[in-house]
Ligand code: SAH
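For reference, the chain that follows is the form predicted alone, supplied as structure tokens.
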């Protein structure tokens, strides 16, 4: 059993932790020099030594660790993890019982009371993502707990930490049986090819499930669709299955082409009837304007930060300009699906980026749909920044 280190929280942050704030931040600590070994159990106390909460030391870009319990007598052991997992799994029973969706989140970090760890389900297999060396010290107990509380075909992991914050390549298989890849999972009846053993990405971002389904059900039929920063083309697949007349997928990554072809193919769609371009999105905007191309539906889902040979993109600085580029090639009464996964600002500020873009070009618009994280991506109300996803369906006036 790990020994506990008492860490004093300064008065400015004391009330936050008493209310259940989960992230242990450097600014809140009176004696951060006491922290030396990641994975240490931290007992957070006020300056008078009164108990506030208990967590662990694990550095990631967000902070110095996470609170795990507000119960002073609770021990952070395998039984504790079994209880956390049992609760998380019970909250997702509707997903486990739905044969049309076989990939979803089972444990969403601090939203399920265990910051630094994410567990996703892929048709009987479980994928654990560890976000710090500290949380990784619990690996054996967490895996044993998972196997005790639910049947697992196999378990894979992603270690999303090292000294540079980059993904560490290694064999991702942990326990059970190895999967056969690509594994084809379902999402609202749509097929997606995923890989649990191939680097940081699996091939699909599960948090956009509701957005993809909305495009398929309500916005794609008879429309031309441009999917920028398209990754493996998941939005394009949803649009094509929803009856789009043509989809165009644009991404700078060379692998995006073969991955997008694969996603169309596992759904029986003729990929040759779609446009799949390996190209810088900003260059594509220039090309589309030059060729006077216009689209009925444009999907804008850039990474929070991206760099190419000519351009550097940061959501907080550049989304307004990106939006203006998209407006220029969207048909009148067309729709732009504006999306960001940046946790550094909220929905109000994001709407401000959109509004500024239209004001600067003198255009009119209305927001017809609004999305945040789906229900399996549970968010803790005391930690609003955990609800990072913001998606707006913006109709041009």
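Residue numbers count along the first chain shown, from 1. Only a predicted model underlies this, so the values are computations on that prediction, with no experimental measurement involved.
There is also a form predicted together with the named molecule; it is not shown, and the following applies to it.
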Heavy atom within 4.5 Å of the named molecule in the predicted complex: which of 301, 120, 172, 187?
-> 301
Check each of 279, 144, 152, 293 and return the one that places a heavy atom within 4.5 angstroms of the named molecule in the predicted complex.
-> 279
Although the named molecule is absent from this view, report whether residue 230 comes within 4.5 Å of it in the predicted complex, heavy atoms only.
-> yes
State yes or no: in the predicted complex, is some non-hydrogen atom of residue 126 no more than 4.5 angstroms from a non-hydrogen atom of the named molecule?
-> no
Does the named molecule get within 4.5 angstroms of any non-hydrogen atom of residue 114 in the predicted complex?
-> no
Is residue 266 close to the named molecule in the predicted complex, meaning a heavy atom pair under 4.5 Å apart or at it?
-> no
Based on heavy atom distances of at most 4.5 Å to the named molecule in the predicted complex, which listed stretch, 248-256, 174-182, 266-274, 85-93, is the contact stretch?
-> 248-256
